[in-house]
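A single chain, nothing else alongside it, follows as structure tokens in the form predicted alone.
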């Protein structure tokens, strides 16, 4: 790569790049692909489809900011969604106790990931991949088919509207804003960046990095469980295989949004924009009748290009 190009890359703000990409996609979709793209119904579909990916990517962002990664997200989503619909099985009186129990289970799994990582000293990729396999196996032992059913009242989580606007996407945006404020203002939020930026320097400055690591994996388990609960509301039932999609897809918006895989740099606002960019891209590809197999290839290329861009930018 030429020195001139490197200098240009170094001066580009990643947030400007992803916003520009989102705007370009909107223009292409609206003017060249389909006149249905700009309809109110399609825009609402985009907002609704962004929620599950946004929640999963939120947890992944916190982990990646510390220099880690969590591949157990998919297993947590599959297990918690199936347990929720399977145990409740249409009985509305069980809804809140089961949901509370499932949330605690997801938090406990995330905390266990963190404890294993800090106690065993094993790379997070190995620990969370192993955990994902365990959870997926347990899920398939519990059920091979979508189990049980959810009360109709739970549909409001995914399809509830306020003045014609879906509530779930609004709540997701508020969660991102709250997490942005937490990372910027709270001491623990600053510790997350410190641990990801330089773990040894963080330790020498008195930061208990093990606690920070356990916290981010616990939070990731919580957000993965929220994703599972939202998907149950959206589909009306759990799915033992649905989590496999989110295991790697939750990483894409994080990387596209500018969070460095090595940790210490990035943030949740970039992830939020990355989520919308990916969802709009998928929507665009669907209008173009491009199959999901090619969509996976395109997302893979996007990840490679995004990582290459940030690595090159870091060199100069």
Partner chain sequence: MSGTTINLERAETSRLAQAKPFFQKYGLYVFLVLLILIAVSTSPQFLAPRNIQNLLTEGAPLGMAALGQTFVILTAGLDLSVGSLMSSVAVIATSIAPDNVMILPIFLIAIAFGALVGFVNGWLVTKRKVSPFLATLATMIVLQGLRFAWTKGAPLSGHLPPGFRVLGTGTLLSIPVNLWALGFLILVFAIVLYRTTYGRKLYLVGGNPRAAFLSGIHADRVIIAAYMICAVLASIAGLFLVGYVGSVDNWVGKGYELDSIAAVMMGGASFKGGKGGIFGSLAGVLVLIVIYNLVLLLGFPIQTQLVVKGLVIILAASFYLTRGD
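Quantities reported herein were computed from a predicted structural model and do not represent experimental measurements. Residue numbers count along the first chain shown, from 1.
The next section is about a form of this same protein that is not shown, the form predicted together with its partner chain.
Novice: Is residue 131 a contact residue for its partner chain in the model of the complex, using a 4.5 Å heavy atom cut-off?
Specialist: Looking in the model of the complex, residue contacts with its partner chain include residue 131, since a heavy atom lies within 4.5 Å.
Novice: Residue 290: heavy atom within 4.5 Å of its partner chain in the model of the complex?
Specialist: Contact check for residue 290: no, nothing within 4.5 Å of its partner chain in the model of the complex.
Novice: So in the model of the complex, is its partner chain close enough to residue 251 to count as touching (4.5 Å, heavy atoms)?
Specialist: Close contact exists here: in the model of the complex, residue 251 approaches its partner chain to within 4.5 Å, heavy atoms only.
Novice: Would you classify residue 23 as touching its partner chain in the model of the complex, given a 4.5 Å non-hydrogen atom cut-off?
Specialist: Taking the distances in the model of the complex, the answer for residue 23 is no, it never comes within 4.5 Å of its partner chain.
Novice: Can you pick the one in 65, 247, 278, 53 that has a heavy atom within 4.5 Å of its partner chain in the model of the complex?
Specialist: Partner contact (heavy atom, 4.5 Å) among the options: 247.
Novice: Among 44, 261, 28, 269, which has at least one heavy atom within 4.5 Å of its partner chain in the model of the complex?
Specialist: Selected residue: 261.
Novice: Work out which of the listed stretches, 189-197, 132-140, 170-178, 211-219, brings a heavy atom within 4.5 angstroms of its partner chain in the model of the complex.
Specialist: After filtering at 4.5 Å, what remains is 132-140.
Novice: Can you tell me which residues in 117-131 come within 4.5 angstroms of its partner chain in the model of the complex, by heavy atoms?
Specialist: Heavy-atom contacts within 4.5 Å come from 119, 120, 121, 122, 123, 125, 126, 127, 129, 130, 131.
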